[in-house]
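Below sits a lone chain in structure tokens, taken as the form predicted alone.
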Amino acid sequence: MKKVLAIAGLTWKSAFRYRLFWIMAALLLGAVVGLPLMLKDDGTAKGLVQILLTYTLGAVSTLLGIATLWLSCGTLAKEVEECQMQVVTVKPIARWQIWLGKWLGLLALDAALLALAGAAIFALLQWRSGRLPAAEQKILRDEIFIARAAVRYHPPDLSGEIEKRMRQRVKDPAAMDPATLAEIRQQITGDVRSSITEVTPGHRRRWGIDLHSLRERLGGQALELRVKFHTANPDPDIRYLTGWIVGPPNSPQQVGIEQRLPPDSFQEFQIPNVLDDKGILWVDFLNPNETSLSFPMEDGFELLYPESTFGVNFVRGLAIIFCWLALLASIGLAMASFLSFPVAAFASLGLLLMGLSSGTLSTVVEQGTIMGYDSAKGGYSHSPIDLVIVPAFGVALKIVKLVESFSPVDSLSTGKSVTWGELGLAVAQIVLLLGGVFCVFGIICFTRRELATAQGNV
């Protein structure tokens, strides 16, 4: 490890020698301090702090991410092109040690810069919140400066009902075109999901959340519901009357709550902690409006409870961002292990853009084609290239979701807990699994590369 740490130290020193560390520190502090001066909020302390957290952490992640990709590509590819690496490899040190040392040096640099930016953001938030009226400070403590874990409702398995309707509608699947079968299945899936998520006027929907394992921890403290619904008219200025009944069915413990809520946005309100004998919290929703309200399965209904402090939650959120940076460092070094600096940087940015285009990947996989909808045919167009592109996009989407499923910025800005389990899963999936694949690939390519053939501008 002494050789690996020596290479890491040289990578760290080169960042100081070329003043990269100081330039990045100035840019990060400028983003943290400068952005709040230009941002406009909704006039509330909660809105201001949410915007501050979202934009400052987003800016820090973007700046550090781009810098990590650029530096990881340059620190290896440039040294090969300028023949500096050839001098290092003739010394008694293995190439995998050189590669790993470069990676650890980049991680140390990212950790220092991320810690500096995180400390500045945390200090800014505490300073801004301390200047607010006492009432606004209480709102922040209850809704933002807290770590609230979420418990979601687990919807029933719909596959059986979908297959049943498919058999009723399609008598002979072998005689039908695969594209047509896919469209029929998509329509039936939408109808089945709608029958569960949509609450028509005058009707109700019931959720049951199992909290028996948290009964002692929660005690009798109040809980919060986080809900979101869709309507035919998504005007955010309209407030819909919603009725909620919390407590065991047909029990005198039930409590009724009325809320006027806007559509297509997350709304939170407090509810009593009224569990039944089995530790289940029952929540009924009644729709007194003249229009249907639809609660999405994925995030339409969540129960929030206090889990930790904001400081601990903030550190865990920064740790997940650090996992992203570790993955970007491994991608950049892997590309630089066998490509020149411009090509390695282009390939790394291409992979990053693919990761940011998960919406496009998801659309192609769901539609089963890259051609899109043909209004003349009244359906989706298909081509032979879909046989290759769609499965490839499906694999890419699964890989992207391993990283995309972790969103510490959104969690911190809404007061949701970034749990230790989530952090451990991020380390396993982002750093060890995906980052490990790029590390192994990069080390193999760098070990087998003939450095004498890359003479650069000599």
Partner chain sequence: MSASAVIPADAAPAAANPASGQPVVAVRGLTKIFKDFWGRPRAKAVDNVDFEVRPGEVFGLLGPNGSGKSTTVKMLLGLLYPTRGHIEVFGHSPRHVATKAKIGYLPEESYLYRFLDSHETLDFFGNLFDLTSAQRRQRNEELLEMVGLNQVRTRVVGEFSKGMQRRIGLAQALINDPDLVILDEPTAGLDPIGCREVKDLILALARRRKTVILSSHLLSDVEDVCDRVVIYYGGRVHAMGSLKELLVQPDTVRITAPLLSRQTMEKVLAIIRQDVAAERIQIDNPTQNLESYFLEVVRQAKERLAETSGAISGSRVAAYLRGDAESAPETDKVLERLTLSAAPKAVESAPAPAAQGAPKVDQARLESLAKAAAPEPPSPSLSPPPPVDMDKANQKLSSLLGPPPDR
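Just so it is clear, the model here is predicted, and its values are computed rather than measured. Residue numbers count along the first chain shown, from 1.
As for the form predicted together with the partner chain, it is not shown, yet the points below apply to it.
This chain is displayed without the partner chain, yet in the predicted bound form the stretch 94-102 from 223-231, 305-313, 257-265, 94-102 comes within 4.5 Å of it by heavy atoms. Heavy atoms of Glu82 reach within 4.5 Å of the partner chain in the predicted bound form, making it an interface residue. Taking non-hydrogen atoms only, Gln86 approaches the partner chain to within 4.5 angstroms in the predicted bound form. Using a 4.5 angstroms threshold between heavy atoms, Phe21 stays clear of the partner chain in the predicted bound form. Using a 4.5 angstroms limit between non-hydrogen atoms, Leu10 touches the partner chain in the predicted bound form.
In summary, among the residues Ala175, Val90, Ala123, Ile385, the only one with a non-hydrogen atom within 4.5 Å of the partner chain in the predicted bound form is Val90. Shown here without the partner chain, the chain has Lys2, Lys3, Ala6, Ile7, Leu10, Lys13, Ser14, Arg17, Tyr18 in 1-18 lying with a heavy atom within 4.5 Å of that partner in the predicted bound form.
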